[in-house]
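Take a look at this single chain in structure tokens; it is the form predicted on its own.
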């Protein structure tokens, strides 16, 4: 992955100001997408500046004992108002900061987190845990139907690896550490967590745990869940900590309740995480398929073989073209293996034979830039830059958003076809056409896969949020109709809440509400996410 980026974080858009598209790169982007909107000229929106921020005055101020690490600065409050979805970027470009936090608290340690929750309880405020703020589902914004003051609890100061157990190959890690810093601290030990979501540079361990983040491995260890030994959190009722164990059959696993909890129970302050030796051996290649469906069959054969490739991602031809991974003439299956212990060329050779049996033309990755086998590296580079490109597309007036799901193999082909068709029809119904609807498989399992769709379409300025809301609702209905999940790894937040309510069993929802009442009797922790207060 890329080295840690330094500089100032953007208060309105993705990542770091120094990495945002500007000048020639924006002009080139506009030239490419003008063809998408039938040659219509694209007008570029100027990003907001700090001087343009106009927020409601804070309704509460931090007490003296907390003031040194709390802020009511407009830039900080604006930066903590939204996550980083299409909807969030549009609102920021329109200079709409509708429900900013009253105070941004940045506790220096776990005791500080406890102090924030105690203070919030005493003044009747809401607390929203904040890691990197990279949520794309409304997970870090204030509820629109709750008038209580809001405190954003930013964990960025809790950023250290506290202890390394090299014998067990595990580490105790604070919840606020961002991906690059975490890997840098583990590197001297020859160890790695090897969890690389697209938000790696600007997201935290606590955020990954709270949202059940999907990471680097496309098979086997696909979610952060698989690397957890124990979790420690601060709740309104005190500290919550599970026992550190390699495994246990003692009843329902406590960690499973905190994983994916999205801040409704408390603030994850640290965790013991299983680590890996840093890989030394790698081998990869790409298979070209005449159809996406054939590529999916090849991916299924590969994941059901027990080879467990670290990378097994299928890109449709349009996705490959847009990202520069391919020429648009074939659907690409990117395959990779890695190991810290032994060469993996034999596994790659067997994978090549498997996909060839299903019509895939396989090319081993070559060192020469631009070679056919180098498609995986080109796609990886585009993948990491995609959120910055998304901000550029939104500034140009386009709709650019994603949604992801998962479905079993027996329903896969019909399901994906229905989602594509539904998305296209919904875009046409709101006048957002011609456009692109691309698909890739981000993770594959022996019993199913996770399709990830990207939409790029012309939008009507001032009306894009309404356009996308209509499309999103139609897609969510199609996902429910087809039996898929409302989200594979983007979490629920506020945006996916209607679909989540339909997906989960009613009795489980009652169990969640009961658990919340126990640890958060005043419903102060991220209210409205997952369950109603």
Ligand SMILES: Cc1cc2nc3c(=O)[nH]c(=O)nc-3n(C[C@H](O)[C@H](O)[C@H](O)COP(=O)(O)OP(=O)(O)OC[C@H]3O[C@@H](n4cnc5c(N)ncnc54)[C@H](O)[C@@H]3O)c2cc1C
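Numbering follows the first chain given and starts at 1. If you're wondering where the values come from, they're calculated on a predicted model, not measured in any experiment.
Omitted from view is the form predicted in complex with this ligand, to which the following refers.
Listed stretches are 95 to 103, 336 to 344, 128 to 136, 407 to 415; the contact stretch with this ligand in the predicted complex is 128 to 136, by a heavy atom cutoff of 4.5 Å. Across the proposed site, 285, 360 and 439 without exception lack any heavy atom within 4.5 Å of this ligand in the predicted complex. For the chain shown alone, residue 155 is a contact residue for this ligand in the predicted complex, at least one non-hydrogen atom being within 4.5 angstroms. Taking the partner from the other structure, this ligand in the predicted complex has a heavy atom within 4.5 Å of a heavy atom of residue 489. Interface residue remark: residue 185 is not counted as part of the site for this ligand in the predicted complex, having no heavy atom within 4.5 Å.
The shortest heavy atom separation between residue 181 and this ligand in the predicted complex exceeds 4.5 Å. Residue 203 is the only one of 219, 203, 454, 235 with a heavy atom lying within 4.5 Å of this ligand in the predicted complex.
Proximity to this ligand in the predicted complex, defined as a heavy atom within 4.5 Å, holds among 107, 298, 459, 263 only for 263. Taking a 4.5 Å heavy atom cutoff to this ligand in the predicted complex, the contacting residues in 197 to 215 are 197, 198, 199, 202, 203, 204, 206, 207, 208, 210, 211, 213, 214.
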